[in-house]
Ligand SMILES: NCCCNCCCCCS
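Only one chain is included here, represented as C-alpha cells and corresponding to the form predicted alone.
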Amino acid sequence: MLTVYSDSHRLQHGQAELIDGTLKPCFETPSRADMVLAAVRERELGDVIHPSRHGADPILRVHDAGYVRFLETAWPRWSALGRDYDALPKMWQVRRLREAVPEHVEGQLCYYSMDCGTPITAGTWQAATAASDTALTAADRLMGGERAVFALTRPPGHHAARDYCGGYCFFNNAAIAAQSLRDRGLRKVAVLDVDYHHGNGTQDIFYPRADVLFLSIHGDPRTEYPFFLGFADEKGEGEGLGYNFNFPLPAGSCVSTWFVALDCALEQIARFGAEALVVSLGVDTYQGDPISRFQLDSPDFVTLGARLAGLKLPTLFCLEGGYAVEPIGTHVVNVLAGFEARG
C-alpha cells in the first residue's frame, strides 16, 4: 500500500494543553507520526512518497474562508504582541453571547477554537496545510487507480469543523479528501470514523448533505470528549437526513461490542452504494491508550483492516488519534496490512 507522508508535521509541536484543570504536555506529539512511519518502513508496507501542493482552494471547499484566514495569520499576529509561547483561548462564544467575529487575534482565537487542547504554534499553518496536501495527494492516487492509499496525516483532522479547530485538529483532512473525490466525479463517498472520539468536525461539514455518508463509532458523548456531538439521534438535516450514523458505545466496551457496531456501519456503507471510502483511522481504541477507554488489542486492528477490505471499495486512510505512542505504529500498520491481506 502506498503511503503519503510529509516531514512538515514536525512543525506542529505544541508545548502544553489544558487537562484536568492544569497545563500538561500535549499528548499529540511529532513522535506519533514518526513511530507510524518507522513501522510502515519496517513492515515494508509499500512505497512512501511526499505530497504535492494543492493550494488553498480544496481546503476552502470544506472550511470557512474567515477561519482559514485566521489560521494563516494567527501566529504572526500573536507573536507580534511579544508572545513567543503557544496560543490557547481563554474563553468561548457560548450561549447568549453575540456571534460576532472579534477583530483582535486573541478574540478570534476564542471564537474559532473548540477547546484548550489545540495550541497554535509558529509552525501550525505549515503543518496543517501539509497534512491537507498529504490527504489530497492520497486522493489523487486513489483516483489514478490505486486500490488503497494511506495518508499519514498529522496534525489529525476529524475534530476540525467548518469554522473551528479543536481536539488537536486544524483542517479536516478526511473531509477535504472526501470532497476532493466528489469534485473529481465520484457521486457517493462514505467517511467512516473509527477513532475513540466522535468525529464532530466531519459530521458538522457533511450534516446537511446526501452525497457524503458519515459514520462514527466512538465513546458515548455523555461521558467522553467531545461531549456535545455524537449521539445516536443525530441523523443529518435537510437533504442529509438519514445520511449520518453515530454508534456511541459506553466507555470500557469490549471488542465484540465494538465489532458489532462496525458491522452495522459497514452494512450502511454497502446500502448507500458508496464509490469510495475514506477512513478516519484512529487507533486510540487500543486498551492501553492513556486518554481513551475501549478494549481493542493489537490483533484486533488486523481484523478491522480485513473487515474494511470486505467492502471492495477504493479506500483512503487518514491518520487520526492514538496516544499510546510506543505501539501506535504497530496498530496502524496492522490495520493496513489486514486490509491488504484480504485482497
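All residue numbers are counted from 1 along the displayed sequence. If you're wondering where the values come from, they're calculated on a predicted model, not measured in any experiment.
The discussion below concerns the form predicted together with the ligand, not included here.
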{"item": "Any non-hydrogen atom of G321 within 4.5 angstroms of the ligand in the predicted complex", "value": "yes"}
{"item": "Contact label in the predicted complex: Y111 to the ligand, heavy atom within 4.5 Å", "value": "no"}
{"item": "Partner contact for P155 in the predicted complex: the ligand, 4.5 angstroms, heavy atom", "value": "no"}
{"item": "The ligand contact at G167 in the predicted complex, heavy atom, 4.5 Å", "value": "yes"}
{"item": "Segment that reaches the ligand in the predicted complex - one of 158-166, 243-251, 265-273, 213-221, heavy atoms within 4.5 Å", "value": "158-166"}
{"item": "Candidate site D34, A39 and A337: all three near the ligand in the predicted complex by heavy atom within 4.5 Å", "value": "no"}
{"item": "The unique member of W75, Y225, W258, Y207 whose heavy atoms fall within 4.5 Å of the ligand in the predicted complex", "value": "Y225"}
{"item": "One residue of L311, A65, V48, I291 in contact with the ligand, assessed in the predicted complex (non-hydrogen atom, 4.5 angstroms)", "value": "I291"}
{"item": "In the predicted complex, residues of 184-203 near the ligand [heavy atom within 4.5 Å]", "value": "D195, H197"}
